[in-house]
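First, one chain by itself: the form predicted on its own, in structure tokens.
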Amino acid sequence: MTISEILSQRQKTGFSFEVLPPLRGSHIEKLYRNIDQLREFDPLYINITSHRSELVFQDAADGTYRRVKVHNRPGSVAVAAAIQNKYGIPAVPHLICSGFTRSETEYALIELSFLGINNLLILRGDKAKHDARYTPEPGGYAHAIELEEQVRRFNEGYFMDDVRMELAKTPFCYGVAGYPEKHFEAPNPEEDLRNLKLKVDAGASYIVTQMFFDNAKYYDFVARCRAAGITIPIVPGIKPIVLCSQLTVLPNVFHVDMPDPLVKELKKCKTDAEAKEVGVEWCAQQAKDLIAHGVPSIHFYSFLATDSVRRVAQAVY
């Protein structure tokens, strides 16, 4: 089933979560152990992030340094296939612009089609760490809507060079990202919403939001989306805080605000263990309120937080 079909058929709020592919050189068993902790909550789907290569300096034999590209978290397609095959849960790999060419995207679509994976989350992705601003790869895309167009043409049976394909496949269903507090590069919330509407009109079947810590901002975002004519499901994404440092790291990296009551509680914490308890309690209250408001599903960002997500899910599902 497609994610849009799954969401439309829900009678109660569903549960899903995001995982990262193992670090280069690491085994997939650790990822399986994390998934095993969350299986009992009947996840509707599991998202798999995708990561670009980064330039790093490596020692050369002559004592100099050389710049090489390293892919620290490879294997998103393979991990998605492994998860879907092992657990029978729909896998939703991220398909991103950042760091990838159109040809590489086409190869990924072909592989996913062969593997029976027909759900995607389409994103522009982050800039490279060595760049001051986002720069597309030569032969790549600057915006997620361009990536949507390639997927749409693939669904219609055409390769990127307009050659007709003969693949037995199910068309891809894809979602896009939404930002309750606006994308940090957007000049204002109105322009951000106009861009989101364009992505929806280009064929997106659902929206998953960036993490937020104030439910009022999500409800306002949904209201603005509906007023703009966006009718597809809008899945809230939330994350339990687990480290004291996330008080500053999360706002800096993800450009999100934290409500003052949460900030005050986290400032009282002397240890990460104390911060984790605050994070579980806050996230559980968020989830309970979202469920009371009838959201179609809640998507949990579980990186470094699998145990906390499990505790939140036990409290609310």
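These numbers were taken from a predicted model, which means no experiment stands behind them. One rule holds for the numbers: they count along the sequence shown, beginning at 1.
Another form, the form predicted in complex with flavin-adenine dinucleotide, is not on view; read the next lines as being about it.
Any idea which of 158-166, 93-101, 243-251, 216-224 reaches within 4.5 Å of flavin-adenine dinucleotide in the predicted bound form, heavy atoms considered?
So the stretch in question is 93-101.
Please determine whether each residue of Ile35, Ala81 and Gln84 possesses a non-hydrogen atom within 4.5 angstroms of flavin-adenine dinucleotide in the predicted bound form.
Zero of three within 4.5 Å in the predicted bound form.
Check whether Phe15 has any heavy atom within 4.5 Å of a heavy atom of flavin-adenine dinucleotide in the predicted bound form, and answer yes or no.
No, Phe15 stays farther than 4.5 Å from flavin-adenine dinucleotide in the predicted bound form.
Would you check, heavy atoms only and a 4.5 Å threshold, whether Tyr179 touches flavin-adenine dinucleotide in the predicted bound form?
Yes, Tyr179 is a contact residue.
For Gly125, is any heavy atom within 4.5 Å of flavin-adenine dinucleotide in the predicted bound form, or not?
Because a heavy atom of Gly125 falls inside 4.5 Å of flavin-adenine dinucleotide in the predicted bound form, the answer is yes.
With a 4.5 Å heavy atom cut-off, would you call Leu121 a contact of flavin-adenine dinucleotide in the predicted bound form?
The answer is yes: Leu121 has a heavy atom within 4.5 Å of flavin-adenine dinucleotide.
Pick from Gln150, Ser205, Gln210, Ser113: which has a non-hydrogen atom within 4.5 Å of flavin-adenine dinucleotide in the predicted bound form?
Partner contact (heavy atom, 4.5 Å) among the options: Gln210.
Give, in sequence order, every residue of 289-306 that has a heavy atom within 4.5 Å of flavin-adenine dinucleotide in the predicted bound form, or say none if there are no such residues.
Only Tyr301 sits within 4.5 Å of the partner.
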